[in-house]
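Below you'll find only one chain, the form predicted alone, shown as C-alpha cells.
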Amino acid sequence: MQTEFRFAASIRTVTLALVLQAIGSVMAINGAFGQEADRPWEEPVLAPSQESPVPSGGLDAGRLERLVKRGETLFAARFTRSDGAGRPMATQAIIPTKRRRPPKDEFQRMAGMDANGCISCHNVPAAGGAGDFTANVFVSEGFGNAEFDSIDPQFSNERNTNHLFGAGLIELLAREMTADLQAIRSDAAAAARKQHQTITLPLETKGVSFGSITVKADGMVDLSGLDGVDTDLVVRPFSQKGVITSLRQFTINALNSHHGIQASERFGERWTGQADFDEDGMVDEAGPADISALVAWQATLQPPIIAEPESTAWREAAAAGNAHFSDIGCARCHIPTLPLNSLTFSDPGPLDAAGTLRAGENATPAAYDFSGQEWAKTLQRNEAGAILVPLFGDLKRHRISDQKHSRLGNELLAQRFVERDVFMTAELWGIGSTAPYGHRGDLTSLDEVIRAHGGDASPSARAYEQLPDDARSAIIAFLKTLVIAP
C-alpha cells in the first residue's frame, strides 16, 4: 500500500508540474501574440486581430516554433462567446451568406455549429487525427438550404473526419502537380499557335495521369479529355471530394462552419462591408495571424509511418500483403510514394483564392522549411534527389461506386460541381490508426471497406474477393502497419 501511495503521489506531482508547465507555455505564447500574459484565466483564446502581426518572410526555427505552439493552443482550445463563437445570422457557406432569421438552436449537428473546438473531431489517435462515427459532420453548401434540421441525405452529406497528419506535405505535392499541369496547358497552347494545328498533350505529373488537354489552332481549348481534376487544372487535395485548395482555406471554412468563428480575411469589412458579419456582437473574430498559426501547426504535423511489427509472423504477413496490394492493382490509385521537389512551405500559398489572405495582400508570404523538422529527416529520396512522400494516394478524383457496389457512393448532393459518386482517392497513410472507414465512417473493418469499392476500383476489389483467405489477411496485415506514430 505504501508503494502504491508513493507511486500515486508521484504521479500527482508530475501531473501538477505538467499542468503548470502547460499554463506557463500558453501564457508565454499568448503574450507573444498580443494577449496579456499575466491573465491566464481569461476565457478568450483568439488574439485581438489588430494586435497580432501576420507572419511574413523566412521564419527561423525559433519563430516557427512559437507560431506552431500558438497554432497548437488554438487547435486544442474550446472557443467561447468571448471569441465570437456562434453565427446567429450567418450560414455555414464558404461564401459569406446571411440567414433569413436566427436559428432556434445555434448548436446542432446538421447545419452547425457542431463543435466547441477543432480537437472535438480531430482526435484519433491524437490531436490532429481523425474522428469516430460520433464526430461525423454534415456537409452542405449552406446557400439555399441553410435552415434544414434533418439528417436525411437529401439535405446534406454525412462525412467522417479525416486526419491531418502530413497535411503540409500533401499541400506541397498539390502545388507542384498544379504547376506541372498548367505548364503542360501553356506548352500545348504555344505549340498550337506555332504549328497552326490542333495539339493534344497528356496531362501527367508525378506519375499520375489526369487525362489530356487539346488546344486548337485558333486557340480554343478542349477540356473534354480531363480526368479527375478541375478545368482550371488546380489539384485540390483536401476534403473527401477534393474541393479544398489549401490548409488556409480549409481552416477558414471550418472555423465558420463548425465553430461560428469568422476569419476577418473572408468575413470582415473588406469583403462583406461589415466588421460583424454574423451579428453576434463580436467584430473581426479571427485575424490573419491566428489563421497563420493554425495553418503552421497543421502543416508541420509529422506524416504517418510504415511501422515495423515486433511479431515475426506479422512482419512476414505484411511483406506478403504489400506484394498482393500491388498485384491486384490497388497501388495504381493508392500510389505508395509521390516525389516532392521542395520542402519549403509558404503561407499564404500561390493558389489561395479570394476569401483567403493572398500573396499580393501580404508583403511577403511566410515561408518555412520542413527540412528542419525531425520527421523530415526520415523521408527517403529517389535517385533525382526528390523527397518520397509515402501517402499511398494520387491526389486525384475517381468514380468509386457503381450500381452493383454503391456503398461508397451513397450521397445525394453534389459538392462544388463534383458528381455524387466521385471522390478523391483516400490517402492510406495512417489508416491503421484511424478506424472506422468509408466516407461516412460506417464501415467497421478494412475488409469491409475494400469490398465496398466499385466504379474505377471495382476490378481491384473483385480481385481482392477472389484471393485466398491468407492473402486477404496479409493485405490487412500490411494496411495495419500504416500508422500515425505516437
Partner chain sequence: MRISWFFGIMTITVMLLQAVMLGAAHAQEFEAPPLVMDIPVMHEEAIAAGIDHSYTGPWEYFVGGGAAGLDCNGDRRTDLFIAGGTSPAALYVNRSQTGGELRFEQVAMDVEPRLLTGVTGAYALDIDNDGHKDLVILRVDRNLLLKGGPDCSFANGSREFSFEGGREWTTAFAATFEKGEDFPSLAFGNYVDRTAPGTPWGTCHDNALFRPIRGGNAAPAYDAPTPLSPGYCTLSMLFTDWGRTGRPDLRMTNDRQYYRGGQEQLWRIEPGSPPRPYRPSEGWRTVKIWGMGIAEADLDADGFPEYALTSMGDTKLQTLDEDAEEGRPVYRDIAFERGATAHRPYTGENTRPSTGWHAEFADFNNDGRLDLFIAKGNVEQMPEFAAFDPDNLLLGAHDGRFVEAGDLAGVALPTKGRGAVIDDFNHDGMLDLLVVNRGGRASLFRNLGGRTPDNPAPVAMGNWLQIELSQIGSNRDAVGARISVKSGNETRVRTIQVGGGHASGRLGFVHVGLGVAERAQIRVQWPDGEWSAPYRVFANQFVHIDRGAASAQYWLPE
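Owing to the predicted nature of the structure, the values given are computational and were not obtained by experimental measurement. Positions refer to the first chain, counted from 1.
Just so you know, the form predicted together with the partner chain exists too; it's not on screen, but the next bit is about it.
- The candidate site formed by Pro96, Val243 and Glu269 is fully in contact with the partner chain in the predicted bound form, as each residue has a non-hydrogen atom within 4.5 angstroms of it.
- Put simply, of Glu65, Glu419, Asp447, Asp442 only one has a heavy atom within 4.5 Å of the partner chain in the predicted bound form, and it is Glu419.
- With the partner removed from view, the residue among Gly385, Gly273, Gly207, Pro350 that has a non-hydrogen atom within 4.5 Å of the partner chain in the predicted bound form turns out to be Gly273.
- Residues within 4.5 angstroms of the partner chain in the predicted bound form, judged by any non-hydrogen atom, belong to 229-237 and to none of the other stretches in 82-90, 322-330, 229-237, 388-396.
- In the predicted bound form, Pro125 stays away from the partner chain, with no heavy atom inside 4.5 Å.
- Contact between Glu374 and the partner chain in the predicted bound form is not found at the 4.5 Å heavy atom cutoff.
- Residue contact with the partner chain in the predicted bound form: Gln249 places a heavy atom within 4.5 Å of it.
- Although the partner is absent here, Glu361 sits close enough that one of its heavy atoms falls within 4.5 Å of the partner chain in the predicted bound form.
- Annotation for 156-195: interface residues with the partner chain in the predicted bound form are Arg185, Ala189, Arg193 [heavy atom within 4.5 Å].
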